[in-house]
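Shown next as structure tokens: one chain only, the form predicted on its own.
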């Protein structure tokens, strides 16, 4: 692996998949990873057709993830896949991840981690016992100015953190789109495929992960109101949550898929004793910093902006004034994961202080938060402790 690209197999992401194409673009962007095989659909004929569109050999386009993982494990090193990317709906996260790890393959998995909290704990145990690299694609932690925000908080520039607010409004499910045959809406609103939460499980987990990543704090208590606004929908499509963090700070989380007219307006604000910061995904190259008694500063992404932290600069790809966005943030996770995979293969460790990425702990916390949000709502919007075991 030292003198060649990392060879990737993919589970899911076939014809009609949005996120599969995003993962492939992100994996390919830095020239570290190449797609060599896949089980792109639960339907063998669709998997074969999807692989053919990607110019893969017919014998490397498998009819099931089990066939792919077990067959690839028998191939010689350098020919078989090295890692597995899993981009399926939530109910098909646990089994292929578990099997891949058992067969010795590092895994990069789309979020949320799995279908239930019990599955999350089992995956954590497997990852700890195998020692294999594992990444979870909480995309927004890959943005350079998110990393700049994290570095500024960690260095104490804002002082003790007092409040963390995060919001993620979308409007794409303002109508009952799942009844129109829309594939993405259908599985995300189906409790048999998405899990016990819709909106919070899908984008609320992103928001919570971003709040924890930037602030460096952990959510310990929640009081939630999950709502189903669109009549006849089976899962929540709107969420409002009060948060308490492990240093005593408080916060707010709002996630919505029925906020008509909104696209992906994810925003995080962190307030400390000395100042505050604000970042918005729709203006992702900017970080706004307001220190107490001073005018607001606008920091900008760019590999030549020497005032940025080492963490931010290591994840900038172009000079200032050249926009980089969602695909590049996604690619930062893949690139940083590839460094960890190479280091593991050589018996070492990569520098997670600079080339970081979300992992199993983030995934377990996300599943625990889903459980807590649902339980808090069902019990009449009460405060609940986050349960991690």
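Numbering follows the first chain given and starts at 1. Note that this is a predicted model, so its numbers are computed, not measured.
Heads up, the form predicted in complex with a further copy of the same chain isn't pictured, but that's what we're talking about next.
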Residue within 4.5 Å of a further copy of the same chain in the predicted complex by heavy atom, from 102, 157, 118, 175, is 175
Checked 49, 354, 327, 345 for heavy atoms within 4.5 Å of a further copy of the same chain in the predicted complex; positive is 327
Proximity to a further copy of the same chain in the predicted complex (heavy atom, within 4.5 Å), stretch among 74 to 82, 312 to 320, 103 to 111, 90 to 98: 312 to 320
With the partner left out here, if you bring back a further copy of the same chain in the predicted complex, are 31, 143 and 293 all within 4.5 Å of it by some heavy atom? yes
Using a 4.5 Å heavy atom cut-off, state whether residue 262 contacts a further copy of the same chain in the predicted complex. yes
In the predicted complex, does residue 284 have a heavy atom within 4.5 Å of a further copy of the same chain? yes
Consider residue 187 of the chain shown here, and say whether it contacts a further copy of the same chain in the predicted complex, taking contact as heavy atoms within 4.5 Å. no
Taking 4.5 angstroms as the cut-off for heavy atoms, does residue 133 touch a further copy of the same chain in the predicted complex? no
Contacts from 271 to 289 to a further copy of the same chain in the predicted complex (any heavy atom within 4.5 Å), listed N to C, are 271, 272, 273, 274, 275, 276, 278, 281, 282, 284
